[in-house]
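First, one chain by itself: the form predicted alone, in structure tokens.
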Amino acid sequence: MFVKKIVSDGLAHNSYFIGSGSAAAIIDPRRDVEVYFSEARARNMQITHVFETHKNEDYVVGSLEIADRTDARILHGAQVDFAYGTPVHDGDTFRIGTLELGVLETPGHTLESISVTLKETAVSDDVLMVFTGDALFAGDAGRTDFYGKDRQKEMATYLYESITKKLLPLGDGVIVCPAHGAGSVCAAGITDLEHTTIGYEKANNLLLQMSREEFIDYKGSEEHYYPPYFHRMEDWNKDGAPLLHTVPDLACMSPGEVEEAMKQGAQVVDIRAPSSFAGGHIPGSINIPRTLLSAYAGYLAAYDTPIIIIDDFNQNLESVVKYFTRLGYDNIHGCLAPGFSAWFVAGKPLDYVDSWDPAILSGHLGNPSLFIVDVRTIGNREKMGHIDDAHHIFLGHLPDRIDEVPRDAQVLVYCDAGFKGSIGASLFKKAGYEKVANLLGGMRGWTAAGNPVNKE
């Protein structure tokens, strides 16, 4: 028996490679699937089954990519009419060597959600592990808002029943293997645990301490952000995404070629750190530091025009392309080669974002021309407090609300630590705002310097 968790950085997504003898199964694969074939080759195994615990919303599932290269069966919940694969039902079982994988229908996050139990029959008939998808996480449970506010309590009811009647009775010693870890957009309070069990969650997951009514009221009234790319993921994961086959290579572009592509409508995404972007960038580019690509590209990058990547030295751009392709971006066109220095060495024009520290901002407070924009999530704003007179516009909503900010103002953008603030500042510069600054260090730096915080 062999089980390996494969983590997709940025998405906080977990998929699982399960093997026994010469056969293997994959649970919730990502779109760039070579990692699973590498494991299979290393262990002389053939991938025979692919389980999808639900119609994922936050990334493109890789089931069809695997099936295109193997005879693997794709298995998913029966409550959605998928255009591919085979529907499964409560009680269905599948053999992988000496392992028995069993299906539990666990709706709540979505209607078709399933969990998959694992037994090592060579040792015991007891359930050893359960792959819970987005039903139960370490410290939390799946969000229930995908069918709209009018059905959220209904879905929360389903989720409560799934957890209490299907998952918890499996036994305290059963290892819980969820589809996401801390930082996922599929729940708000996932804890950063490498492993957890049914018993540990019963004792420590606050949701599982609630009564039925408390749980349904809490999960049925949660508010989450809904990135616009979710609609594309839902459609592709239901009807089948275009086959990727392999991660595409980036075309190496000269400054002149980048300039011409921008005239034709190409979007330029600068993945450098905020301080580098502030010190000089291509006019009209947006800054999404590489660590935030998975979180914010789906809000800010368009699917229908070419994307050009800007980095300092073009190091490990393959991982950057993977971030985009996992979100369904097949329009990654190229990169400026050999890096950003090519632009200024060619004498091309630069734009800038001012970088403010807490002392500079303190000196500007009370200035009627200053307009402060807080781009954090509402949860972080309420938890940490905010700077006086700051206007809250969540970063993902900024493109649609940018005209709420006066164009003749001195705009100061801040976030938690300065990275999302740099994204926001780049959006203002791209929109034609002239006086734009980012608070480097964000709210953390502001409070560390001993400045007052408004918690009202």
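All of these numbers come straight from a predicted model, not from anything done at the bench. One rule holds for the numbers: they count along the sequence shown, beginning at 1.
Another form, the form predicted together with another copy of the chain, is not on view; read the next lines as being about it.
*Asks:* The chain here is shown without another copy of the chain. Which stretch in 187-195, 217-225, 150-158, 296-304 comes within 4.5 angstroms of it in the predicted complex, by heavy atom distance?
*Replies:* Within 4.5 Å of the partner lies stretch 187-195.
*Asks:* Taking the shortest heavy atom distance, is residue 383 within 4.5 Å of another copy of the chain in the predicted complex?
*Replies:* Flag for residue 383 set to no.
*Asks:* I'd like to check something about residue 84: if you look in the predicted complex, is any of its heavy atoms closer than or equal to 4.5 Å to a heavy atom of another copy of the chain?
*Replies:* Contact with another copy of the chain, no.
*Asks:* Classify residue 199 as contacting or not contacting another copy of the chain in the predicted complex by the rule of any non-hydrogen atom within 4.5 angstroms, answering yes or no.
*Replies:* Yes, residue 199 is a contact residue.
*Asks:* Determine whether any heavy atom of residue 445 comes within 4.5 Å of a heavy atom of another copy of the chain in the predicted complex, and answer yes or no.
*Replies:* Residue 445 belongs to the contact set for another copy of the chain.
*Asks:* Since exactly one of 232, 322, 290, 166 fits, which has a heavy atom within 4.5 Å of another copy of the chain in the predicted complex?
*Replies:* So the residue touching another copy of the chain in the predicted complex, by this definition, is 290.
*Asks:* So which of 378, 273, 262, 365 reaches within 4.5 angstroms of another copy of the chain in the predicted complex, heavy atom to heavy atom?
*Replies:* Comparing distances to another copy of the chain in the predicted complex, the residue within 4.5 Å is 273.
*Asks:* Is it the case that 210, 369 and 456 all touch another copy of the chain in the predicted complex, with a non-hydrogen atom of each within 4.5 angstroms?
*Replies:* Not a single residue of the candidate spot has a heavy atom within 4.5 Å of another copy of the chain in the predicted complex.
*Asks:* Which residues, if any, of 114-134 lie within 4.5 Å of another copy of the chain in the predicted complex when only heavy atoms count?
*Replies:* Contacting residues: 120, 123, 124, 126, 127, 128, 129.
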